[in-house]
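Take a look at this one chain, the form predicted alone, written out in structure tokens.
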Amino acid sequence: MLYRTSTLLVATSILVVIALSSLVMPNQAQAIPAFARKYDVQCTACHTAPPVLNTFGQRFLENGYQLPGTEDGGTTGKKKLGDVTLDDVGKYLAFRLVGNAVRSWSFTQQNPAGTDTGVAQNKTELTFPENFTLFAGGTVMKNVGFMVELGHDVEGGGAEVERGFVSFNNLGAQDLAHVRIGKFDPSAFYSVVTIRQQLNEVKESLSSGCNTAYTPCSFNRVGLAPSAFATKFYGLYDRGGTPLSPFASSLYNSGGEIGLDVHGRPFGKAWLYQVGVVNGANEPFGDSNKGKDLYAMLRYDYAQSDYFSATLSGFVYHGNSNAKVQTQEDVNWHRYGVSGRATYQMLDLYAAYAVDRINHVPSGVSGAFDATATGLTIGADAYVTNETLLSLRYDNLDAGGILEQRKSATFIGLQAKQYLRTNVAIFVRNDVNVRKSEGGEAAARNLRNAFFAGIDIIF
């Protein structure tokens, strides 16, 4: 009955949003974000549907925000001031606002075991906006690019630099080697990219008292993120002793690590390599770990045409004392993954699978700790009209970690997104838990349904 009610709610909401948006839809969609302004093109030159990149957009990113196959960063769209060339402010500054105007959580119990008394578990909230992002990006000179992204979480408070790096491009020869230095998204060139998802990550919430180092924690609400990218383990802690959520993105798919990254296409246009070194993951401040984390990725682009493109990727991520267990001992946390993406006309299909492994589990916890976990994400984005995008995603998390705590999770998410312009969209989304609640004693099973309606603006 619950699933039927949820399905009816989603269908009704989709119809209402589409009907209302059609009344205010302009005849011609125009793009205005920073790179579109600089090169005088629409957003769709680089995006299948913002924020997802198409083939041209991927190559533009790889080339350090220069047009694919060029080294024009020092001159295009710029004014000369002595030895310096400058862009107009609007050509390197942009802003994104994302917010759920309505969000509704449906749980099997009002106060499941392990949560605090009086915690509201079944609720509908009006809340907007949730996240502001200001980013500056472009080129300083020929073959030198940069990106700075400043994010503000309205609920969490405060602002932080989510990404900030400089890139040195086409070192030695065209497409031979591009180097990024700073805080960046390691998976930016992967077939399925962490930060460019149509179904945005929704954070989980922790029970109170979890800020004490090495204190076991329960989760009031499961996080909704791609399972292939998630932490996957119960009972892991960062190097400061704070619990790591099993549902949050991490390692190669973390979205913001500090280090050095090299990528290029020396073997022809079909093959892209990537290698990198970053500070040991899960550091609360600085890098207390003398060791570094290493990763490598190889991508094969099967076809790159206007109507069809396909890519296959594989990566390895080797962690060095990049997490702790409850005994306060270091462990090595590794990840291996494969992914693929195929785009045909108005349909975009993707899948990602990752295996996480904890090496050298201390003897004090080894008998009660599953050292292997896996995550699978399968999704599709499809235009049903020129302005209406439907997105479907299946996530299965086969959790590892402390045996008596771990709970695997399976969710299906559906979203309808209506683009009023190529840079302005409204959406409705519903995520349903496929697994049985088992009494609702764990967040991974307790959450039955989550509904969201909001807006996504980039300008």
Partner chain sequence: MRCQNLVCGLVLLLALGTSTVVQATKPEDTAATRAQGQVLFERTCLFCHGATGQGDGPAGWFLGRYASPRPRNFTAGSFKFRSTPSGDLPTDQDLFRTITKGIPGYMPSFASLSEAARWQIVAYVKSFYPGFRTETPVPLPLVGAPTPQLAESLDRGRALYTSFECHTCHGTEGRGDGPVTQAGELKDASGLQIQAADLTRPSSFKNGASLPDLVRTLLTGLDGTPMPSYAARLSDRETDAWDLAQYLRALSAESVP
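These numbers were taken from a predicted model, which means no experiment stands behind them. Positions refer to the first chain, counted from 1.
There is another form of the same protein, the form predicted together with its partner chain; it is not shown, and what comes next is about it.
Enquirer: If you check in the predicted complex, is A303 within 4.5 Å of its partner chain, heavy atoms only?
Expert: So A303 counts as contacting its partner chain.
Enquirer: Answer with yes or no whether T327 is in contact with its partner chain in the predicted complex, where contact means some heavy atom within 4.5 Å.
Expert: So T327 does not count as contacting its partner chain.
Enquirer: Heavy atoms within 4.5 Å of its partner chain in the predicted complex: does L376 have any?
Expert: Answer no; every heavy atom of L376 is more than 4.5 Å from its partner chain in the predicted complex.
Enquirer: Answer with yes or no whether S339 is in contact with its partner chain in the predicted complex, where contact means some heavy atom within 4.5 Å.
Expert: No - in the predicted complex, heavy atoms of S339 and its partner chain never come within 4.5 Å of each other.
Enquirer: Taking 4.5 Å between heavy atoms as the contact cutoff, choose which of S363, N386, T124, N359 touches its partner chain in the predicted complex.
Expert: Of the candidates S363, N386, T124, N359, N386 is the one lying within 4.5 Å of its partner chain in the predicted complex.
Enquirer: Any idea which of 408-416, 393-401, 34-42, 425-433 reaches within 4.5 Å of its partner chain in the predicted complex, heavy atoms considered?
Expert: Selected stretch: 34-42.
Enquirer: Would you confirm whether the three residues N54, T70 and S309 all fall within 4.5 Å of its partner chain in the predicted complex, going by non-hydrogen atoms?
Expert: The answer is yes; N54, T70 and S309 each reach its partner chain.
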